[in-house]
Ligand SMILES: CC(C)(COP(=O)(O)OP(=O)(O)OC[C@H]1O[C@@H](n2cnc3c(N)ncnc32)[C@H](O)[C@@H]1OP(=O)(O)O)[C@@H](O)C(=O)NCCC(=O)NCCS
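Taking the form predicted on its own, here's one chain by itself in structure tokens.
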Amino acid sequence: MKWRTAISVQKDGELYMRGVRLVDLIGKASFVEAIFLALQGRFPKKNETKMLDAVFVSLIEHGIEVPSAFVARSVASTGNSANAAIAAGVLAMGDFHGGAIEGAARYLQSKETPRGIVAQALKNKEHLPGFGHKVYKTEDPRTHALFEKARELKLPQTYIMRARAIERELKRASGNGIPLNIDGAVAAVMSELGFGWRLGKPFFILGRLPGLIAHIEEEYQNEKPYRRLDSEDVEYVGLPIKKHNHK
């Protein structure tokens, strides 16, 4: 059975991506434009390019404390190559770190009403992806900045308004003001740009990779090999320790 693809082809010694010669893209298309072309099969409009660029900037970094960063640095510190450290950092991304974009985009792109989405989550005692943050308790400033950019670029507001409606419904139904976080904001914006929900996690990876690479390079350049937890950071909760006298 042949492998089928509509993404790229080699023809007469040239590589074509989505029907366009790669050499014609070099120096003429930005990286973001090339990403858009690869994923959607068309060039983005000017405002779409600027919006997608803003999305990736919003995701680029969030401190050494996040799992993907400190895991990647730990792996780099034990003598592994950069590709292994990057892979480890990416593998540390999951449903609770970067993965919420996919979940949020999925329900935003569904036909369910905001009330139905919130009611289902509360009924099942499930966390609603795209809401709440360990650091930003009242408002995620990145969400505000991203939505402001969307308004400035006159991007459609269908999914953005839907995300805000879910936020209001969540507050009404739960009694708690749980803010829409950057994952939910990215989910809304990528939906406005026509990207399917399955691209949620890949979007986070694409945006975070430069920050991840910076952390790994800093680890190589500035830190001594072999990271490990300090004993003060470990709490033993096992059985009482007993001393045995062996005769």
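Fair warning: this is a prediction, and the values are worked out from it, not measured in the lab. Throughout, we count residues from 1 along the sequence that is shown.
The following text describes the form predicted in complex with the ligand, which does not appear among the structures shown.
- Although the partner is absent here, residue 57 sits far enough away that none of its heavy atoms falls within 4.5 Å of the ligand in the model of the complex.
- The shortest heavy atom separation between residue 181 and the ligand in the model of the complex is within 4.5 Å.
- When contacts are judged by a 4.5 Å heavy atom cut-off, residue 108 does not count as touching the ligand in the model of the complex.
- Using a 4.5 Å cutoff between non-hydrogen atoms, residue 127 counts as a contact of the ligand in the model of the complex.
- The contact with the ligand in the model of the complex, taken as any heavy atom within 4.5 Å, belongs to 100 out of 166, 150, 72, 100.
- This chain lacks the partner; the member of 172, 123, 154, 134 within 4.5 angstroms of the ligand in the model of the complex by a non-hydrogen atom is 134.
- The stretch among 109-117, 75-83, 156-164, 89-97 whose residues place heavy atoms within 4.5 Å of the ligand in the model of the complex is 89-97.
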